[in-house]
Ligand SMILES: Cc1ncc(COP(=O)(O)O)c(C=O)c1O
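Take a look at this one chain, the form predicted on its own, written out in structure tokens.
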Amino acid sequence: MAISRRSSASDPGGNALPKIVAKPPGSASRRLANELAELEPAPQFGAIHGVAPIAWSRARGANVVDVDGNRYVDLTGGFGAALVGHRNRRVVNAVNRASNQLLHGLADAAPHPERVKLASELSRLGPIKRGRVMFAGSGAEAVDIALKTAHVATGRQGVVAFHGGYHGSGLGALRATSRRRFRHPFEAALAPATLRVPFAGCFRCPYRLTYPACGTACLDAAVAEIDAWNSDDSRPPLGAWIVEPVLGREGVVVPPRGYLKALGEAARERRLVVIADEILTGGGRTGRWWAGGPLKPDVVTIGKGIAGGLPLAATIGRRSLMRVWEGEGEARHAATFMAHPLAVAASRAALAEIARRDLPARARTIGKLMKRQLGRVARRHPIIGDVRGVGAMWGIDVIGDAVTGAPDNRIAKALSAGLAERGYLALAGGPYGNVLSLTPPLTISERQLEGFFPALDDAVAEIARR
């Protein structure tokens, strides 16, 4: 299917400004949500607290069009999956070509040529040079593979994870995911072998210290907890430490300089396998191809943006470590749609786009603009307690009290709705539901970005007037 170069509200060209014709969510979005509510649990299709979601119809580049005909600039970037833009022309063409050759493969039973090429590219370009690759269908599955690898390699099932970490919602990944609401119904099924330690969140430091005067007191405290755990024979021994180089879903928290390097060194001193979850940060999002370099990780999980919008993820590990998967008989971890031919084609095209357009450099440019402009808006409005980020990954921390910095999810939800009414999509998240996360496509135009900041300023001012 060829993509037309013509742009319209129903088929955006990707770099258009917003155009709102019906206050979102419009009648068509609400009607669709009501129909779906009879078929799926409401949160599964975006209905939160009884509010109907905006129903997407079409998307390209940084533009999304809803079923009511509204055109938006998507600052969610499809939860980060649209790194090279929605419906990227080269990705679509690659998928079309692949669909005429092979629509399905046999996962662990029969390789196909494009899978070999992608594995080679990830081994060469990936965060672990000459690493070995295991494909997955989702980020959560990639995390499962990483945790399994550490368990088998070390013989130790204990895992160190962070408060504020998000690694997926499968039963294995839930061991490392922080949000209690996600874990609570399944705690009895989860192995009681996760030590959760504080991350380096300087805006709400759990120790009420100030960086850089504190050094990295939070890391020192985490290491002390690890040593205490390991000295207790009643606890399962720890074998891995998993970390997002930048906390994503849980509030976009960027650790201070030197933190990741020190973490990696501390983990290796304790013979812990270092797992970097780069599912959101990888592929150039933070201004570098991979954000976890200072960790010197043993295993890395990748997904989202490196697949061009199709479901594909991977776990890449050091060659010596990944040998634990060798052996006679069938694969010990497999899935029917692993390394699906169309997803592999999309991923190869997306990786080529990242390199061809030097999107990590583009992310650095976006980061400079975000830092400057978001800072200006924050200085004008006390309800913005903090803006933080790196590259094209930013969080707007909304507060209800300028003195205490207490998070306010009510204001954050209102701000998200106000931005949608102005044609910009940004969702509130984080452990308190008060952080607007900005992970736009790296192909977003300067004009689209520049239009966001006055829209944000206006939306915040309107809330302040209420």
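This structure is a prediction, so every number in the text was calculated from the model and none was measured. A residue's number is simply how far along the shown sequence it sits, counting from 1.
What follows is about the form predicted together with this ligand, which we do not show.
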Legend entry - Non-hydrogen atom contact Ser138 with this ligand in the predicted complex at 4.5 angstroms: yes
Legend entry - 4.5 angstroms heavy atom contact with this ligand in the predicted complex for Asp144: no
Legend entry - Proximity of Gly77 to this ligand in the predicted complex, heavy atoms at 4.5 Å: no
Legend entry - 4.5 Å heavy atom contact, His167 to this ligand in the predicted complex: yes
Legend entry - Contact assignment for this ligand in the predicted complex, among Leu280, Val299, Leu83, Ala392, heavy atom within 4.5 Å: Leu280
Legend entry - Partner-facing stretch of 272-280, 211-219, 101-109, 146-154, counted where any non-hydrogen atom is within 4.5 angstroms of this ligand in the predicted complex: 272-280
Inset, instruction - Can you tell me which bits of 230-247 touch this ligand in the predicted complex, meaning any heavy atom within 4.5 Å? - result: Glu244
